[in-house]
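In the block that follows, a single chain appears as structure tokens, in the form predicted alone.
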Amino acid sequence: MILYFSGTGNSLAIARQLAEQLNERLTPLVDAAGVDMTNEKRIGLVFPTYDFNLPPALPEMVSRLIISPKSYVFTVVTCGSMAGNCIWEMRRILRKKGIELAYSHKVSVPDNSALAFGRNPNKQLKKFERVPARMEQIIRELQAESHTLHYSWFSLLSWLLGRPAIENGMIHCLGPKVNADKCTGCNTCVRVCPMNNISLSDEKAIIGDNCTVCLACVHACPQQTIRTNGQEARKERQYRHPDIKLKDLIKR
């Protein structure tokens, strides 16, 4: 089984390819938490890096997974450039559950968080040129059930960025905020949020307190109503993986 967490489709596209090549089922990670998967012989976890660390929501989700210690568990991380502490931290969380991470790797993709700093993720599409070769290697090693942890080292800088005081401050600064004057109440952000953290009130979007800063809402809003780090989400800077449709992210 391949479990994924994805805001703009990067991790979903990688997870979908892995599921097809390995003949595995594909399931959102948020739906798998608490479900008995002890009969699954192979479990893959595919997710992005956020500030060189796990997305804030992931530790709790992974801690609730019910997996057999005998399963072959692997992770593939999508990132703009560096995996940071993601793999190291995932290994630590799984070990607490008595599960050893057997394999890990990373895939570089356009950085959708660049939007928060006024940059255009769509100008990073050249990164896709290297993806086929990396995926060929990953799939070959997973088919052989290789026990290799690529990019699993500990980073002090990533650890510091992941401390609650700093992480919560970054979520507060970079987290999406709705411009109520522009919001039309179209419900797109509500449907695309993987955390079910957005609702409508008086036909205006309201973002709750359970944001994991995936920016799915920012990139999906058809009116460019939601901003992050004070930056307006210009239409030409909104990003979604080219092989993923909006309805794919809404199917949860």
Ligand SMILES: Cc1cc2nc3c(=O)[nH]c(=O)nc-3n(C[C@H](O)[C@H](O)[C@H](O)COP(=O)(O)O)c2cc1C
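The first residue of the sequence shown is number 1, and the count goes up from there. Every value quoted in this text rests on a predicted model; they were computed, and no experiment measured them.
The same protein has a further form, the form predicted in complex with this ligand, not shown here; the description that follows concerns it.
With the partner removed from view, the residue among L29, C221, I43, C214 that has a non-hydrogen atom within 4.5 Å of this ligand in the model of the complex turns out to be C214. In short, of 29-37, 46-54, 198-206, 182-190 it is 46-54 that has heavy atoms within 4.5 Å of this ligand in the model of the complex.
Remark: T148 does not count among the residues lining this ligand in the model of the complex, judged by a heavy atom distance of 4.5 Å or less.
Put simply, N112 is close to this ligand in the model of the complex: some heavy atom of it is within 4.5 Å. A residue is said to contact a partner when one of its heavy atoms sits within 4.5 Å of a partner heavy atom; C79 meets this definition for this ligand in the model of the complex. With a 4.5 Å cutoff on heavy atoms, L174 counts as touching this ligand in the model of the complex.
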